[in-house]
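What follows is a single chain, given as structure tokens, in the form predicted alone.
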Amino acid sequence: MKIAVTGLNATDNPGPGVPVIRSILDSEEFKGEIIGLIYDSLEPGIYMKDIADRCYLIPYPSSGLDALFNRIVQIHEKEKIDLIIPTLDSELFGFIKIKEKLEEIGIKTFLPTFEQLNYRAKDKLFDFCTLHGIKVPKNILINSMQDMYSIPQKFDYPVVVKGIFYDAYIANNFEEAMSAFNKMRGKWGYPIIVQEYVKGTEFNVVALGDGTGNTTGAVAMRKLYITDKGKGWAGITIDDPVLLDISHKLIKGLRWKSGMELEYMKSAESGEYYLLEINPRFPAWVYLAPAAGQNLPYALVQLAFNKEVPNFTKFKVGTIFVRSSWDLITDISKFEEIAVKGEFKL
């Protein structure tokens, strides 16, 4: 079996590709090879030992679907890929659009539908949660500079300003909100989400849905250390039936098919959980799940091949992850190989 995985950008804003690969390789059942699909010749995952057997450059999502599909066909002719696991938000729409064409040439995927992806999008989340009785902060969609002037009438500061794909800033006044708005507009475009700020403690759940409304597995975590970019740099698995019940309810309502990350805030005032965001792929901390007893990435592989996967019913509470960084040393010839040829073998 050959599995191709994207998102090998293990930087200070890490992609999920490397931990997804580590999880798959940890399974004693997996005997295949890993193919890295990369967007940049300096993605650290390329140069890590025992991660990808070979790596190939693919075009950015902005290059269009034809360019993406044609490049995958070229790689497939060499590698005979069995399964592709995209791990980045910005590439999911493209891979879903070419899903059927990939299946025609023998490449499987395990992806949500357009409808599922749209329901969980940041600009649709409030309506979905209201419909299903799940608490969520109030938000407004910003589609122009003029819309920004409605913030003071609808919210008290601070507010959270979010990009449609990534990034979030807490703004304590209108000037800070405008600064965040301009950053988001230039980076991700419209709409921009302005969300009510809920003060409390942040919790996260990594989960896998099988597409029927069933939750194959879910692991809850509380962040112990958060970077200035809002990324969890350390976390601990926790036992919280209420948090997991809400997560199961969400997956059932969405009939979610794929991995996902659910971000919650437990209100310091009421003690209730508010859903902040649904990320439609495994998070960068997903390796905590197999470490705690639920190998969700490998379960996704099994589901993609229509294998019966029993639901995970428990995980080890008190398992901690601490993210680290260190220098990877390589030779200029290796960098030239991927930069010039578009492919690389470690």
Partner chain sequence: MKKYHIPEYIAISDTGFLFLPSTGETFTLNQIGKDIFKMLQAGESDENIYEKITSDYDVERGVIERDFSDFILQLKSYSLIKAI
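Computed from a predicted structure; not experimentally measured. Positions refer to the first chain, counted from 1.
The discussion below concerns the form predicted in complex with its partner chain, not included here.
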Go through 315-323, 287-295, 37-45, 59-67 and give me the stretch that gets within 4.5 Å of its partner chain in the predicted bound form, heavy atoms only.
315-323
Is the gap between F203 and its partner chain in the predicted bound form 4.5 Å or less for some heavy atom pair?
yes
Give a yes or no for R255: in the predicted bound form, does one of its heavy atoms lie within 4.5 Å of a heavy atom belonging to its partner chain?
no
Any of the heavy atoms of E261 lying within 4.5 Å of its partner chain in the predicted bound form?
no
Would E196 show up as a contact with its partner chain in the predicted bound form if we use heavy atoms at 4.5 Å?
no
Between N139, T216, Q116, T237, only one gets a heavy atom within 4.5 angstroms of its partner chain in the predicted bound form; which residue is that?
T237
With its partner chain left out of view, which of R222, K187, K249, K231 would have a heavy atom within 4.5 Å of it in the predicted bound form?
R222
